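Just the one chain here, the form predicted alone, laid out as structure tokens.
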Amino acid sequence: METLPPLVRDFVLHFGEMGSRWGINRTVGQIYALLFVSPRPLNADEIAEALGFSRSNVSMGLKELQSWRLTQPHHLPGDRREYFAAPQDVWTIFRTLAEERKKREVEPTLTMLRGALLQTPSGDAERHAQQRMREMHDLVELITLWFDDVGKLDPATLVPLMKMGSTVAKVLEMKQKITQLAGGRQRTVAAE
């Protein structure tokens, strides 16, 4: 890794550490970080040399990244080797990661919860547990539906929406107050 510029080396090392917290191994995180900041696609030998990894570790890491749809092999004219690059658009990367995490983590949990909610509880403890599971199911499903809707937005719409932050909540609160006031006026008019 000594051949990498200090800025790139620091990013690669940090991404490896963070990768282990995100559920991928350090090697995969470092390979992805290198591909992300590389100005051109890299082949496995170049990755192994730059990071000081064995060729077999790089191959396994690249397979893992391909299973996450975070890189795909490309061929360059006149070269038999496969080259790899990260998607250029950070929104594409974000969406891909979100879709893969949903597929690997959220959907199996929702499936388990749906199955548990279809069962007939055999006593108070199971009724209580099932009610708690229903609450979890409803929250996870709501978040999933919301995220699916947000995921369909193009970045030109999504960025301003995200920058609005808590302003959205304030607008919704104001709308709710207006609706309540209008409802109160309607009840008053109806009573007269």
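In case it trips you up, residue 1 is the first one in the sequence shown, and so on. For clarity, every value in this text was computed on a predicted model and none was experimentally measured. By rigid core we mean the largest C-alpha set that fits within 1.5 Å across both forms.
Not on display, but discussed next: the form predicted in complex with another copy of the chain.
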{"query": "4.5 angstroms heavy atom contact with another copy of the chain in the model of the complex for G78", "finding": "no"}
{"query": "Exercise: T109 in contact with another copy of the chain in the model of the complex, heavy atom 4.5 Å", "finding": "yes"}
{"query": "Exercise: S59 in contact with another copy of the chain in the model of the complex, heavy atom 4.5 Å", "finding": "no"}
{"query": "Distance check, A48 to another copy of the chain in the model of the complex, heavy atom within 4.5 Å", "finding": "no"}
{"query": "Within 4.5 Å of another copy of the chain in the model of the complex: residues from 94-115 (heavy atom criterion)", "finding": "F94, R101, R104, E105, P108, T109, M112, L113"}
{"query": "Rigid core fit then H14 CA moved by 2 Å or more between the shown form and the other one", "finding": "no"}
